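The chain that follows stands alone, in the form predicted on its own, written as structure tokens.
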């Protein structure tokens, strides 16, 4: 056998590194200004005193120094940021003074989201956020041109699915079939019929006047009233703006979610990574048959699948994200003696265990039904307090891979023991029979 000369082996061409969009320095130039604004919010009295000491000349000189310094910082941070896609990883190099290199294994990528804030949409750029298995923080590329962001997203997903590097760029974005679209009128009406909206608005209108009458302090009123107004806006107008034009589509790389009035987001629910699905049913929605669907996804911050929809439509979407799973039609309540542990509200608890999911409900006015596929159960626990022992009751807790717990409360103690043993066996069997979590599989 002859050993080939190393000089005869063709050298692999170096990977070309790319920079972000030229508009990025303008975004990063705000970092020094943000630091000053954060200090002013943290210590408003000290900031007010410092501003009173400054003269007009000092302010002009400060601006003359701050603006060029901020611009220089933005340019240098952009200049020293590069990214490249190799055969096995996405490499991102950042850092002006302290260098940081992120090596993102392509097979570990579970979602790639494209977001376009309002100013980014005006400038024609987008932000790419990469969700990696086993990490809580998302790496991002901000900003890229819109076409470049979508092309890079398609390439990364193709690489994660196992396509060869030479063909990944030619695959393009997989087509999507629309499953659900939430009309703006229906979304607005659902917010009006939500108790949290009216509760936060009432608190924002009532608490500041009461504090003013009690303290006569403007700072106390502002420190309390502004967060209350912010919470009221987030629960009403903020949710409407964020969930506007909500569309769910099905594609080979998972369920795609597009939404946003000002800031547009293009997100993906990774296939096989959903740990828990919650069906939320507020009291005022029941007459119209509406529900809200929320998710727990391992290693991701995706939390909403359907903001509002008829129950039948929502369940059809759930069937896409949890193949083979049907929502239980009937749940068993705790025994009547549970009323001595939780008066009145014991009626809101329920349990159903099918061949595919562990389903637990809680809440009387705002019902929440949690569905956990057996294959996603990490551990099962039984707890029983002294008062529950007196009434022969127990709670069964199911822990998922998203660090969340679903609890079946106030079950008969003997039933809870049987459920504990049976659920442990169902989880082992479910994990053996579960399909692998792969893109486009």
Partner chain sequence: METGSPEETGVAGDEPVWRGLPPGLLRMRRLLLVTWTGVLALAAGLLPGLLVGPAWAAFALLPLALAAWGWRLLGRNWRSWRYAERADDLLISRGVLWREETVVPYGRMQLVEVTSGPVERYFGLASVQLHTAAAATDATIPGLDPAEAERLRDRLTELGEARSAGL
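Numbering follows the first chain given and starts at 1. This is a predicted model, so every value here is computed, not measured.
The following text describes the form predicted together with the partner chain, which does not appear among the structures shown.
Student: Give a yes or no on whether every one of 275, 380 and 425 sits within 4.5 angstroms of the partner chain in the predicted bound form by heavy atom.
Tutor: Judged in the predicted bound form, 275, 380 and 425 all sit within 4.5 Å of the partner chain.
Student: Is there a non-hydrogen atom of residue 226 within 4.5 angstroms of a non-hydrogen atom of the partner chain in the predicted bound form?
Tutor: Judged by the heavy-atom cut-off of 4.5 Å, residue 226 is well away from the partner chain in the predicted bound form.
Student: Using the partner position in the predicted bound form, report whether residue 375 sits within 4.5 Å of the partner chain, counting heavy atoms only.
Tutor: Although the partner chain is absent here, residue 375 would touch it in the predicted bound form, with heavy atoms inside 4.5 Å.
Student: Is there any non-hydrogen atom of residue 417 lying within 4.5 Å of the partner chain in the predicted bound form?
Tutor: Taking the distances in the predicted bound form, the answer for residue 417 is yes, it comes within 4.5 Å of the partner chain.
Student: Looking in the predicted bound form, any heavy atom of residue 389 within 4.5 Å of the partner chain?
Tutor: The answer is yes: residue 389 has a heavy atom within 4.5 Å of the partner chain.
Student: Just give me the residues of 85 to 124, first to last, that have a heavy atom within 4.5 Å of the partner chain in the predicted bound form.
Tutor: Contacts from 85 to 124: just 110.
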